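As structure tokens, one chain now follows by itself in the form predicted alone.
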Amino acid sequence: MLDAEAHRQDIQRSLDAERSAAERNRMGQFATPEPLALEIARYARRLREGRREPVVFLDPAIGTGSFYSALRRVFPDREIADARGVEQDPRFVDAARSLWSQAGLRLIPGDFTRLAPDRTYNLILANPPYVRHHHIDGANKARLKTAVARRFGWAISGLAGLYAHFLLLADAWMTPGGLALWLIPSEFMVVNYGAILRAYLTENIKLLHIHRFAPDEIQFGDALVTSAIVAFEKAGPPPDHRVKFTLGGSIANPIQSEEIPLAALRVARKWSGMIGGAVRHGGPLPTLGDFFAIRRGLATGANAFFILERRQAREIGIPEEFLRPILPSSRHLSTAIIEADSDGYPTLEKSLAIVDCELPEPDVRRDHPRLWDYLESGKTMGIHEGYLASRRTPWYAQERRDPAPFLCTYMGRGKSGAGPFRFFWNRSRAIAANVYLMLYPRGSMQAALAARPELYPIVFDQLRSIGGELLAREGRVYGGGLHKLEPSELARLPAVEMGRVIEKALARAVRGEGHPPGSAEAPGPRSRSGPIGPA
């Protein structure tokens, strides 16, 4: 058997070399590494312990037969009653047939998503084609969506990759009580277009185990994708069913493990952060959105015109009353705590100010001629006709925003091993542009910080303790590794420990152990000068 596997790997390398990496990417042809196929087959045998019926095996994307090779090494011949593999690429059909036809494998040439089941199977091991939606032409995408709708009555997103269609359509090929282990991208756990797949796994079958490899545990040398193994049984879940979630290492020996109530998975919008306390007891748990109102920073529509160095604004003659401190982009912030000078501006080498005036034009022209001249220079550049400026009255008035004590970057790449996002404690009076997310304390958080101002650094440490990987998973990633995090995505992050901190602080305040609002040690009302958030 080892000689057959070595021969298979030689053929795999030869076939891979016939096409460029870009061609194989478009076709989703990423072969399962031999150690991983063997690991999955061994785990399948563990899941089948106590079952007396022989294996009826199917691989809907057989390739050169890495899973069938692993199956034969793990299961004795007497336990395999039938084995079939579907393959669309004629080259791989010929290769698999030459390798395994004498060893009991029957080849079914064709596109799995177009075929009707020839029989049902009690064991599926599969690594379906990882074809992204933009490589699926419109006609095929419509056909696949129709096939899923006919099977389940669901409208799957047009952004779903081919692997999602494979897994869903394979439902018709499974014997009741049969097992399936799928090696698929872990993105389905967090992206919106994975919602139908998550619904299937929680409503239609008995989900047993999801093992997610860590981001640095790349399973395919030619595909930079974080992978997951999804194991389930074609059966209804029992009452109070719990699903095993594991992270890192192997599926049999993971680094982290936790059992999650199926009821919690059903209501979770995304399955990020399921390990380490994000979901417990099946009930709703606190999120950052429970403690903070999270908003994007303000958009001026013309930063180069409205945002100036404070020194430059003074030279132009713009009155201080029409200037507000504003933070630069995060690359100009060397520390995570933004201190303030006596005017409330950040203590940075270059202080920035945003021009913000609500007076009507006649008043500006009469009372503030130098500001009027500057605004007129903007008109000659067409600033007032821009999308945002033309919708404001007057066009040079900015959106009303208070300074936020805590900030998070909106985009990032996570260079030098750091996470893609950074948190800041803003002790200045500076507002922020839309390259930041602004976190305003609300509810119990607002009450706790008012009663116990010494909580500011503790809350900040809690924010910074949120793992970069969790932030990245909740957000989205674009080509070139650019990560983006919307306010609603940040608000959904679990904040269990932060909830405990706030509960304790409020309890102490009730007992009279905290600083009451308005005391000397509590932060005073906001003004145009002086920092926010005590040290």
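Residue numbers here begin at 1 and follow the sequence given. Owing to the predicted nature of the structure, the values given are computational and were not obtained by experimental measurement.
Missing here is the form predicted together with a small molecule; even so, the following discussion is about that form.
- Contact between residue 315 and the small molecule in the predicted complex is not found at the 4.5 Å heavy atom cutoff.
- At the 4.5 Å threshold, heavy atoms of residue 30 reach the small molecule in the predicted complex.
- The shortest heavy atom separation between residue 405 and the small molecule in the predicted complex exceeds 4.5 Å.
- Not displayed here, the small molecule is approached by residue 110 to within 4.5 Å at the level of heavy atoms in the predicted complex.
- The contact with the small molecule in the predicted complex, taken as any heavy atom within 4.5 Å, belongs to 89 out of 233, 356, 258, 89.
- Put simply, of 306, 395, 200, 166 only one has a heavy atom within 4.5 Å of the small molecule in the predicted complex, and it is 166.
- Comment: 79 to 87 is the region of 203 to 211, 293 to 301, 189 to 197, 79 to 87 lying near the small molecule in the predicted complex, near meaning a non-hydrogen atom within 4.5 Å.
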